[in-house]
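The chain below stands alone and is given as structure tokens, in the form predicted alone.
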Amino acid sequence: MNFSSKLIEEAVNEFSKLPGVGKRTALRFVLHLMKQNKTDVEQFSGAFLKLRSELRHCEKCHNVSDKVLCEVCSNSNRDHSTICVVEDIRDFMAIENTQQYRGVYHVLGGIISPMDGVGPGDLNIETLVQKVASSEVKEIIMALSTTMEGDTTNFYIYKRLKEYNLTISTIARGISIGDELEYADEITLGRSIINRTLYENSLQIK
């Protein structure tokens, strides 16, 4: 792709680094921004600079947050005895959008994947174990994607927590095997949370 301006080429190259954005789409973005007034473009770029510099992680659940504690963890109306374990913010948002879950969360920051060099020590698993050991947690809901990596992570967490006096459950298999939670429709995902089953039962099925 030939450009008449080095500045446009550099802007296109930066946009094309985004997931799923090719050079042509990146060029459309750049041409659109060129038509906007300077104030709008400054607000656009400033929002991302602010995001990068000010965004933090909740000290309790590891979800992204504007404050020390996220809105869920700081909400006294949530059921803090029930913890839903998710991979990342995308799954957190997917479950919240169902409006069927009133507990709190624990964000792992990924799933165990030896092929990608991700082991248990790279995830927020130890803080989950510490949370269970030091608080009155009654139930852990494992809501990870129904992939081989997700199942491996579920099993590892189950082994770490099974000695504690609590219920360990998993979302119902309304989510097809191999599916990512973020792509599930809200009704199906909501039903999967409501109709969750004991994790031990899922092991027997396998």
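Sequential numbering from 1, following the sequence displayed. Only a predicted model underlies this, so the values are computations on that prediction, with no experimental measurement involved.
Below, we refer to the form predicted in complex with another copy of the chain, which is not included among the displayed structures.
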| property | result |
| --- | --- |
| Residue 45, heavy atom within 4.5 angstroms of another copy of the chain in the predicted complex | yes |
| Residue 198: touches another copy of the chain in the predicted complex, heavy atom cutoff 4.5 angstroms | no |
| Residue 90 within 4.5 Å of another copy of the chain in the predicted complex, heavy atoms | yes |
| Residue contact check: residue 11 to another copy of the chain in the predicted complex, 4.5 Å heavy atom | yes |
| Option from 33-41, 150-158, 134-142, 164-172 whose residues, in the predicted complex, bring a heavy atom within 4.5 Å of another copy of the chain | 33-41 |
| Sequence-ordered residues of 152-169 touching another copy of the chain in the predicted complex, heavy atom within 4.5 Å | none |
